[in-house]
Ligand code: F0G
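Coming up is one lone chain in structure tokens, specifically the form predicted on its own.
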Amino acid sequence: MAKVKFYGNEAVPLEMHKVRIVQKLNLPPVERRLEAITEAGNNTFLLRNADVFMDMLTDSGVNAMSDRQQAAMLVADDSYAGSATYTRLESKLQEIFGMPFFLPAHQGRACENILAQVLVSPGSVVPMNYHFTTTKAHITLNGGVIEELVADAGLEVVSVNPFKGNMDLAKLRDVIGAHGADKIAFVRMEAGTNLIGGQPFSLQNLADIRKVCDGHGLLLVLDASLLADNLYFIKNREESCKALSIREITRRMADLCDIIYFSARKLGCARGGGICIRSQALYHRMRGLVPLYEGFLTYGGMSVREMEALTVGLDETMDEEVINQGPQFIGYMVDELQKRSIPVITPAGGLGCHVNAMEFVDHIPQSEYPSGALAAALYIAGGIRGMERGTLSEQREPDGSEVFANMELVRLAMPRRVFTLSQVKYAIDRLEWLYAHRRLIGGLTFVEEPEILRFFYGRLKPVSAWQHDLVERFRKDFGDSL
């Protein structure tokens, strides 16, 4: 994607692809949207896709494949063992990351399960720049604890810091000193910190962490699910990397790590996942869990057609003109919302535009889940499905007390090569209307609360009749319009 300036001086992202297959969308009237979010227990995960106009819940598994990916799926070798499809995928990963061993899995959280079972034991500690929901759950279930060591700048909502996902080296040294190196299971870096706005880390920060790990004999593990966006930001924001190709930056990152795992539902625009491993000994320790939980070693729960698409998608990830679409669309949306004084995370990160619910609905206490409430309100206002990334995404303490998130965000993901600019402008418009009437939005309370990963399938209800008031105001302002 190129960024061009129009004759009227407006700078907009320009898609460097053409659409050849389309899918019909449905925009239900606002009354049906109220019914739908009520039926879903005010949880956007539980909405039926037939009731969704713009699905900005996630970029996981919903990115558009290229024509080359679609074509590759036709040559898949579906042999149970010894598949040529596996060999092609393995060779591509070795070429890109330079690690000799690869274990396939059906998606990223399956990789986390294997890593946690092999490396985490009761009492062990996993330092990381920031946690992801399933990562934390797997580590906790295996008796470990996490230490979030993102630099203080990472939690600043409004900032010009280009790498808010950096780990604080002093904090890392303090954690190692406090617990002892023998208690550290591994050090984890997440490329594009999901829960704090998709913020990247720098190549220099990764290199500095590697030195600390080397000094204490620690493993360095990279979650590369959002690697594509992080690569784009390193290329464009890190002065020492501007002359490097995406492929060169990728290899330099990989050379600093002992293990790289990823969800192909994000990286490579396919479905699946895998673990790339430098050590043969570690490979042998993990290998037995793949046929136990995933499938045989040459498919690991993945469809061979998806594996062929992933092989091509990984290659396309090394092309800057392919991976720049997401960040540029997200950057455009963030800039336009800022012009309208709508609170968002800055600078624009990867994965999606992140609306700051803590400020947007500052009258709603965290105990009433402001991010969840705002996500429900946005669906009512525009048929737009976003994702709560705040206190709802946390988990209660063993004593039942609530864990309040550092940030209350509504993530509006930008699946790659899916939305047009007019659809993005529609989302901006509905957010602008909602912000003008934000005082109508009220909180939520649980009616069904699962103990683990409650944000996926928990159900809530509004604490008042605020949703009906919102619909009434919508009809007053928009009349018969959808």
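Predicted model only: the values in this text are computed from it and were never measured. Each residue number is its position in the shown sequence, starting from 1.
Missing here is the form predicted together with the ligand; even so, the following discussion is about that form.
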Heavy atom within 4.5 Å of the ligand in the predicted complex - the one residue of Lys235, Arg305, Arg385, Arg265 that qualifies: Arg265
Tell me, which of Asn205, Asn142, Ser124, Gln107 has a heavy atom within 4.5 angstroms of the ligand in the predicted complex? Gln107
Mind telling me which stretch in 325-333, 281-289, 205-213, 130-138 gets its heavy atoms within 4.5 Å of the ligand in the predicted complex? 130-138
With the partner absent here, would Arg88, Leu93 and Asp258 each sit within 4.5 Å of the ligand in the predicted complex, counting heavy atoms only? no
Look up in the predicted complex whether Ser60 has a non-hydrogen atom within 4.5 angstroms of the ligand, and give yes or no. yes
Taking the ligand as it sits in the predicted complex, is Leu226 in contact with it (heavy atom to heavy atom, 4.5 Å or less)? yes
Answer with yes or no whether Asn194 is in contact with the ligand in the predicted complex, where contact means some heavy atom within 4.5 Å. yes
Does any heavy atom of Glu408 come within 4.5 Å of a heavy atom of the ligand in the predicted complex? no
